[in-house]
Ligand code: KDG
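Take a look at this single chain in structure tokens; it is the form predicted alone.
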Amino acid sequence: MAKFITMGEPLVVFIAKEEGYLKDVSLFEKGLAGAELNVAIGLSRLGHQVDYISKVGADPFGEYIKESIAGYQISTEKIQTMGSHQTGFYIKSKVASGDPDIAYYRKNSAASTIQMEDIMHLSFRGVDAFHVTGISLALSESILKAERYLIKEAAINEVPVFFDPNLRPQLWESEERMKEVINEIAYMSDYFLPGISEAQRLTGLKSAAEIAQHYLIHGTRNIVIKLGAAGAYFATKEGTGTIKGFLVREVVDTVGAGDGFAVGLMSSLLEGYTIEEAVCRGNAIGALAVMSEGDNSGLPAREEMETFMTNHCE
């Protein structure tokens, strides 16, 4: 099994148990969230080793997060506890279709204070992949600087960098700054994993093929563009292709689908599968993720994943 490193902000999420505007909902269910943490959980469920770097507050949410992470067999050694800042959280609506409404409460959170001093000791020896998302890049200048440093260190150590933009415009100071930083990191990445609407927003281009060529020309080594129910388009120096998506019985919650895709793609590539097979697994886990209410509850163990792929592959 492979060893992965990721860094980001763990969150507590409160998921509405009834449809309606968040201001009108009375009943919520508590859960664990955060894009990078979702990926860490998904990789751990498939039997891989994950180092997760973060900070939480010295508060009940921080305790809940650390205990939950340990329950997923993910080490908490690289998660610092701070008394000066609180753990972030958010609330999410329940919808019959489409994306849920989300309200964040994460400004000046403990994780946003991650800085160079926190990661200078990190070694990439024995590490097989480094996972990054655009969400953590938006949290603060200090965490952005630390992520840049780690990406360069990963390259020096020949560790592939997987970058999911996970656009959250509400976390950025401006649209221009978001595009500038996300594209900068995309051009440095070994695998860039945008959704088609994200890629269109970042480049101003329309087709997946045009977008892929733009990133390959600017230095991105490989790109996989998620197309929703249609599957995903990939482009590498060796060629391009589109892999069909999987049949979804019912879309329950779209949050976490991209994280599931990243889990499938990364785990498959590090297990020695081809890019086509890796994109297929990414599509499968992304499909499983949207059929579950929580941000990461639909991420499968290996047997469930294999059964789903066997029963649904054309």
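A residue's number is simply how far along the shown sequence it sits, counting from 1. Just so we're clear, the structure is a prediction, and the values are computed from it rather than from any experiment.
The next section is about a form of this same protein that is not shown, the form predicted in complex with ligand KDG.
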Contact of L11 with ligand KDG in the predicted complex (heavy atom, 4.5 Å): yes
Is there any non-hydrogen atom of G256 lying within 4.5 Å of ligand KDG in the predicted complex? yes
Report yes if any heavy atom of R106 sits within 4.5 Å of a heavy atom of ligand KDG in the predicted complex; otherwise report no. yes
Contact of A35 with ligand KDG in the predicted complex (heavy atom, 4.5 Å): yes
For a quick test of understanding: in the predicted complex, does each of I135, R168 and D295 have a heavy atom within 4.5 Å of ligand KDG? yes
Interface stretch in the predicted complex with ligand KDG - options 57-65, 42-50, 271-279, 256-264, non-hydrogen atom within 4.5 Å: 256-264
So which of W172, Y90, Y233, Y187 reaches within 4.5 angstroms of ligand KDG in the predicted complex, heavy atom to heavy atom? Y90
